[in-house]
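As structure tokens, one chain now follows by itself in the form predicted on its own.
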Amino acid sequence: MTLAAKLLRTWVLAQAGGEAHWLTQSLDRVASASQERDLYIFMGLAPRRLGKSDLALGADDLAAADAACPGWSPKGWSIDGAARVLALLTAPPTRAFADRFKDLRRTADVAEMIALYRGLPLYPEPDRLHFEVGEGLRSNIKAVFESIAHHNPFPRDHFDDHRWNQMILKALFVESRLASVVGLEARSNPDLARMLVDYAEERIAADRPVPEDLWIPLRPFHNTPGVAAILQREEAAP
């Protein structure tokens, strides 16, 4: 079991109350099963048995999460979502992880899909998950998009510049916060800076506000002519 899975198990068990025995027995069945039936049953029962309250985490827990997987923050996860990710990490590798993830995602409701995507930085075979991640990014459901884009180091660590830039642009168009994107400044690049300048100029020309966090990915390019001009214009604005 990975360190991240051990942390999830500790946090979920601590909050499971009277369902702790059911949780332990169910995870043991998932871990020892040669078929995936027990995993699917657990995925369906988790919210009914554990509820949907937020996972109770302190500063030490969040620090432990970041130490186990740099950039990972389970803040805001629900207890049933954390349990679902834990079960997925617990199931034996009877087939390729990416195939299992694909099947689960395609039958998931919105809450389960959000949980599955939030767990991305913890899964094996990350390079085989790109198609399914792309499906999530194209979702019309803002919460599903943000389960990938926000507080999730998977895009920072595995997206090429094209996919990264498209994710940032979509965040702007669906009015999703950029500041919650892990690696926002570090993964900025000249093409993205140019597109953000164009976006900002269109907003200014239309007398519409420019999101304050749009300037974060422009910082590394503050000396380039287009970025410098728009930054000076913004600073001079009343």
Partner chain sequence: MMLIDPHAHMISRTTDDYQAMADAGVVALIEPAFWVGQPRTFVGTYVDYLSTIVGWERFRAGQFGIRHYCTVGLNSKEANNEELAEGVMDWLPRFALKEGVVAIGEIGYDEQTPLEDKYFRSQLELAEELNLPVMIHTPHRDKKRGTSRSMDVCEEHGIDPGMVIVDHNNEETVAETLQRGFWAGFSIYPSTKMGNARMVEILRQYGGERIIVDSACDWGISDCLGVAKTAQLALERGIPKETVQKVCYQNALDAYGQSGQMKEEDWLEPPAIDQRTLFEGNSILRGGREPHIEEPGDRRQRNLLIE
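The structure presented is a predicted model; accordingly, all values stated were derived computationally and were not measured. Residue numbers count along the first chain shown, from 1.
There is also a form predicted together with the partner chain; it is not shown, and the following applies to it.
Determine which one of 176-184, 27-35, 189-197, 41-49 lies within 4.5 Å of the partner chain in the predicted complex, judging by heavy atom distances; exactly one does.
Heavy-atom contact with the partner occurs in 41-49.
Looking at E132, D161, D103, D157, which has any heavy atom no more than 4.5 Å from the partner chain in the predicted complex?
Among E132, D161, D103, D157, a heavy atom within 4.5 Å of the partner chain in the predicted complex occurs only for D103.
State the residue from D213, D66, E201, D54 whose non-hydrogen atoms include one within 4.5 Å of the partner chain in the predicted complex.
Contact residue from the list: D54.
Should the three residues T2, D61 and T90 be counted as contacting the partner chain in the predicted complex, with contact defined as a heavy atom within 4.5 Å for each?
Zero of three within 4.5 Å in the predicted complex.
Looking in the predicted complex, any heavy atom of S78 within 4.5 Å of the partner chain?
Yes, S78 sits close enough to the partner chain in the predicted complex that at least one of its heavy atoms falls within 4.5 Å.
May I ask you to check whether A82 falls inside a 4.5 Å heavy atom distance of the partner chain in the predicted complex?
No, A82 is distant from the partner.
Distance check, I114 to the partner chain in the predicted complex, heavy atom within 4.5 Å
So I114 counts as contacting the partner chain.
Contact of D127 with the partner chain in the predicted complex (heavy atom, 4.5 Å)
No, D127 stays farther than 4.5 Å from the partner chain in the predicted complex.
What residues of 141-170, in sequence order, lie within 4.5 Å of the partner chain in the predicted complex by heavy atom?
Heavy-atom contacts within 4.5 Å come from I141, K142, A143.
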